[in-house]
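There is one chain below, alone, in structure tokens, taken in the form predicted alone.
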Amino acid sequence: MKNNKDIIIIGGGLIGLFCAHYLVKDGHRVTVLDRSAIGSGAARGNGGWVCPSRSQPMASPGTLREGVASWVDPASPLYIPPSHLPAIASYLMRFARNSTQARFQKSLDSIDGMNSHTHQLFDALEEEGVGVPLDSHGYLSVFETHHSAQAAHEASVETAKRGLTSVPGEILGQSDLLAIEPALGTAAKFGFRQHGDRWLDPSALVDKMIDSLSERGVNFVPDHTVFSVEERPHGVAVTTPYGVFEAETAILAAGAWSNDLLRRLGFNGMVVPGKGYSFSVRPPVLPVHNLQFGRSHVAGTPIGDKLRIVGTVEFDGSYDTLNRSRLDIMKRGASPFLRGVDWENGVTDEWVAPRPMTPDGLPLIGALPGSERIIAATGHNMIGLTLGAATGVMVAGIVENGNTHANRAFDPARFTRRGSPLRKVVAKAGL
């Protein structure tokens, strides 16, 4: 007989909500605590991509080749202010070690394995009334030169060999591109379309999940900063400014705010905030494809009656400070490829939030060694939406069977120095 448990989830973002769904589905009683509103943080303003084939670790030979000289350039898609380099040096050294071809491929294989049922899981969520419809019109990559389009096309052909997406279509010229996507601007001279990955409205998904979970008895507790987690002989105690919550198991799904709590439990998860940005515009003709704008690392997702512009990641040590120059970079990357957009007065929904980044691009999922009642589910980098359902399934399995259900590649203690003491009681974690 299944042992139904009282479970506390620390963090009400996407990962916390996905974990809650699968735990409730297994019959457990769930309380979700969040430091602010449920479904805030990085949950709503992201690009909405459910993209197994595009789920690659940022720690890669290509990123490493760009090097620090590129990263400290304010115009770079990956930006680290020079003043922040000393604070992030340990992270960057681990990042470099994980950017070899061998380690990149190993990490990619682990992500692919996790993504093997992603589309089926999202389809099942919609059928169950928990998820929302996904758009499958395809991703359209556009470029100013044939050379750039050809290089990206060859890379997409290689990506398709992983078995998670279809082979890209042929390279099209400008007239053919305009025939299938009239919203394109003059810079879109060459490009190709690829089907397989899909997208959705992340805010609509969050609202739907919260409503469904509330109806099924999940107790949502917003505006409760978690100060401490303590494992006790028969459960856990989670302390907030407003009292102590007790349960049999705690799930640490606090996203970019997770590392302070992990440290006070004796672990270094190496989870650092990498800020992501987005804003929306209304082109005269709304695109039907998810648009990838050349080599700019900027993209546009049609959501509702707007086009959400996404791109860039910034490591400056802050969590939600909006750096307006990052928005300007995104505008410059997208504007040549779209026609009729008012980039001065027509920009709405400006958004910034921290992604929980790890040095190897892999999440932390598993029970903490020595504290098996505390399970980590964090560090999903920029692919938390894509990996969310699979993470929920994995966490539910760990609750039921322990770490025998976990993937060693996602070991939450993998960055912790051997012999580090495990402190069972933490104080003032501030999550």
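A quick note: this is a predicted structure, and the numbers were derived from the prediction, not measured. Numbering starts at 1 and runs along the sequence shown.
Absent from the display: the form predicted together with a small molecule. The rest refers to it.
Student: Taking heavy atoms and a 4.5 Å cut-off, does L213 contact the small molecule in the predicted complex?
Tutor: No, L213 is distant from the partner.
Student: Answer for V226 alone: is it within 4.5 Å of the small molecule in the predicted complex, judged on heavy atom distances?
Tutor: Output for V226 is yes: heavy atoms within 4.5 Å of the small molecule.
Student: Is A37 part of the interface with the small molecule in the predicted complex - any heavy atom within 4.5 Å?
Tutor: Heavy-atom contact with the small molecule at 4.5 Å: present for A37.
Student: Hey, in the predicted complex, is P412 touching the small molecule, heavy atoms inside 4.5 Å?
Tutor: No, P412 sits far enough from the small molecule in the predicted complex that none of its heavy atoms falls within 4.5 Å.
Student: Only one of 105-113, 77-85, 346-354, 281-289 gets a heavy atom within 4.5 Å of the small molecule in the predicted complex; which is it?
Tutor: Of the stretches listed, the one contacting the partner is 346-354.
Student: Contact check in the predicted complex: H28, M394 and V399 versus the small molecule, with a cutoff of 4.5 Å between any heavy atoms. Do all three pass?
Tutor: Checked in the predicted complex: no contact with the small molecule for any of the three.
Student: Quick one: of L362, A59, L33, A389, which gets a non-hydrogen atom within 4.5 angstroms of the small molecule in the predicted complex?
Tutor: Filtering the options by heavy-atom distance leaves L33.
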